[in-house]
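One chain is shown next in structure tokens, namely the form predicted alone.
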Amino acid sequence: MRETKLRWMKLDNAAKVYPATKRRNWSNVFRLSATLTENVDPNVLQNVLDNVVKRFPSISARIRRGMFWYYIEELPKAPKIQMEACHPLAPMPFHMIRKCAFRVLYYENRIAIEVFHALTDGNGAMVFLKTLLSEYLKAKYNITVTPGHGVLDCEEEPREEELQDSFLVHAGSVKQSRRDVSAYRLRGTPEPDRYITVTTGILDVKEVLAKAKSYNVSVTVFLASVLIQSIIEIQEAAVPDIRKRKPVKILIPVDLRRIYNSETLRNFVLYVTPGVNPKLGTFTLEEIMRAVHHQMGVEITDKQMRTKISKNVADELNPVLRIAPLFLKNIVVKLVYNAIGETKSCLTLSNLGAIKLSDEMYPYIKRMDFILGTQATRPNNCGVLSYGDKMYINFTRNIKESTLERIFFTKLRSMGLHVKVESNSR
């Protein structure tokens, strides 16, 4: 019988903000899913989940309250899978997170995981989903799946590197200030029952790559720039006086594993917020792209990211804050988050890039999706990934108006890109 190396762990440096800032009507949850070629067998899925969770003690966990900090505690057994019965990213109240901070859902031929952000980020959760899919396919179809491309061997013990808080390892001595100007705030009519509308644009990967290359920028810069231009158009209609317009900035997560060669399965992302200031005049798309490209180029370096890590870690290690009881820490964290957490950008654009699987898995998986929950005070978010020859751009919103998605996808179509749009809008 295998032994578990770690039964509980401190929250990683990035995760400490999530339990403290959680609200009754908002929990920071995201979703990854895979669409299979055949309907899901729930019995097989439950059986393999029981084995997979042992390989991921930092993800198969619940959030516990200590005297000084929240911490994560490994689950004694896998949670029961659920047949999806409502919209994606249904509320995950704190009483549920204290029991289990993730869930596994199925509906017809789709398997999804929804994860409270304190456990891991999108890249860590993708490893969990890939491994769960590989075990399901092996059990269902009696195939052999070679570990690799994020598929882990469930017969191995969890490795220390996977459970590491990499923020503490890579902190330096120079700290970067968090001071920044506030960004324009998108608004709309709130959905009365917290309904989350997901609007998905499906594009041809080669077309998008070619279009981004024609501007000499990356796909992320290209999409962020079109998104900025779309929000500028919305602000122009809402704020006729150019002197009263605010900067339009996009929050873009940066996977630090690639920069620091980390294998952690916990949170290890930081953020950049490129954008432009519409007060300066009219920006062409090319001008926006140049601004975003150069801002990201300056920010996304080993040395610059290390200064951001250092600031966050220094706050955590502050001797006064360390000895403060948890309820006081929560007050401080909430105040800081309310001041800088969401005010410095219009929304998040998170691109997980091209998803690779073990070769044996491709014939059984038609599609994959990444869906971000909305923020506490910002009604829109956007998650992107590519699988096979398709790119899936998933907009989420908790307001009735679909203005942002409509303008964004219309702009892509005007550039000659073929876009198929799906939505669960009611």
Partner chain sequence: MAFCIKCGVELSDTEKKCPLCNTIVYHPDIKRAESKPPYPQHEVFPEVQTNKCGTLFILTTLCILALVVTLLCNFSINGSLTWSHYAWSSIVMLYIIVVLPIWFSRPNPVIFVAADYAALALYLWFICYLTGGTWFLTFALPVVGLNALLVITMIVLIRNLKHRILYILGGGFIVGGLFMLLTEFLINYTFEIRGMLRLIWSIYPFAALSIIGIALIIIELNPPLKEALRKRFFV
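As the structure is a prediction and not an experimental result, all values here were calculated from the model. Numbering follows the first chain given and starts at 1.
Keep in mind that the form predicted together with the partner chain is not shown, yet the notes after this line are about it.
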Among 171-179, 131-139, 186-194, 221-229, the stretch whose residues bring a heavy atom within 4.5 Å of the partner chain in the predicted bound form is 186-194
Quick one: is residue 263 in contact with the partner chain in the predicted bound form, heavy atoms, 4.5 Å cut-off? no
Touches the partner chain in the predicted bound form: residue 371 (any heavy atom, 4.5 Å): yes
Could you tell me if residue 91 has a non-hydrogen atom within 4.5 Å of the partner chain in the predicted bound form? yes
Residue 199, heavy atom within 4.5 angstroms of the partner chain in the predicted bound form: yes
I need to confirm a contact call. Of 162, 84, 73, 207, which residue comes within 4.5 Å of the partner chain in the predicted bound form, counting heavy atoms only? 84
Looking at the partner chain in the predicted bound form, is some heavy atom of each of 31, 422 and 425 within 4.5 Å of it? yes
Any residue of 17-33 with a heavy atom within 4.5 Å of the partner chain in the predicted bound form counts; write them all down in order. 24, 25, 31
